[in-house]
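The chain below stands alone and is given as structure tokens, in the form predicted alone.
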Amino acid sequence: MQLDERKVKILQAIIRNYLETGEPVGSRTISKYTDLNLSSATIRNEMSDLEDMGYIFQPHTSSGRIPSDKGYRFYVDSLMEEKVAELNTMRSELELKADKIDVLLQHVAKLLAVNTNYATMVSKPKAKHPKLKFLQLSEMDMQKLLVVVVLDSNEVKNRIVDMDIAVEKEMLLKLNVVMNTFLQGLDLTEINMSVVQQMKQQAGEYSTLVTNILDAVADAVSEEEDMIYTSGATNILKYPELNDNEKASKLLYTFEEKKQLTQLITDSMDDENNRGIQVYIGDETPLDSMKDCSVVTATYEVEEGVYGKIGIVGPKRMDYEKVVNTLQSLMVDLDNIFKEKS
């Protein structure tokens, strides 16, 4: 007897429900979790066939069913085949999209510097609380595991996890299923002890590995990768009040080193009141090297919850009207560009 579409859906529903609850699954539960619109009696007959075929079994009399190794194998093979193809497609699309965004933002920084005659900075977009979109575990060798983390901002990060014991291929596939089942769509604050314990329970003797993988995921998600593109730093030397050797040296170092710029961008991004165009004059600027300058910033949005920042730095006597109008026009252009890309 072969698995027809109805049996496949019922088997998948049993496995998904068992992964979530850890409890044997009955026909009444399955009738609520599938789109088959079948009676409990019909589902019981199908479950009986699945049991005869070795895909599920009944651990205790009068209890529901749980997946067998054969059932896990069928589920994992079909799911991972789909997920691997999806990830490969996603990687190609993300690489192309990331390259286009990088080129675009570099161009924006240069264009602003030329048009305003001031120094400019543009940060790459990032989500304030990134969520996990997909996770893939791949064995590198007997002692190392590659963890690929895809965030909802479509950023891809890799981590390597050391393994105390080798993981069989079948168990590795099961871990892929378990961790994606529990973690998809969550940010770090939503991964609570209940979620962790359920994953460890499913992992059995590999519960320590689950802990190590979660640590790697947390490290990848929380890693600061603020990339800032700058242009026109030497424009500030055109203004006598900023051309003093010490002042100019500090300003140029800030644009070259970029760490302080990252902090400036991050601080302004964390405050939702600063999402529009903001003007910082002199001492209002949080960076000591820019106390003799004015900084005008604006926020652009790639998609919901994913923001980047654009800043223009010049003397206090900068042409504010021109700068603000330029940024307002740029925000409209970027909004249209990112809507077309999405």
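Just so we're clear, the structure is a prediction, and the values are computed from it rather than from any experiment. In this text, residue numbers run from 1 along the sequence as written.
We do not show the form predicted together with the DNA, though everything after this point is about it.
When contacts are defined as a non-hydrogen atom within 4.5 Å, all of Thr42, Asn45 and Ser62 contact the DNA in the predicted bound form. Proximity to the DNA in the predicted bound form, taken as a non-hydrogen atom within 4.5 angstroms, holds for one residue of Gln278, Ser27, Ser289, Ser294, which is Ser27.
When contacts are judged by a 4.5 Å heavy atom cut-off, Ser68 does not count as touching the DNA in the predicted bound form. Looking at Ala298, you'd find every heavy atom of it more than 4.5 angstroms from the DNA in the predicted bound form.
Put simply, Val306 is far from the DNA in the predicted bound form: not one heavy atom of it is within 4.5 Å. Interface residue remark: Leu38 is counted as part of the site for the DNA in the predicted bound form, having a heavy atom within 4.5 Å.
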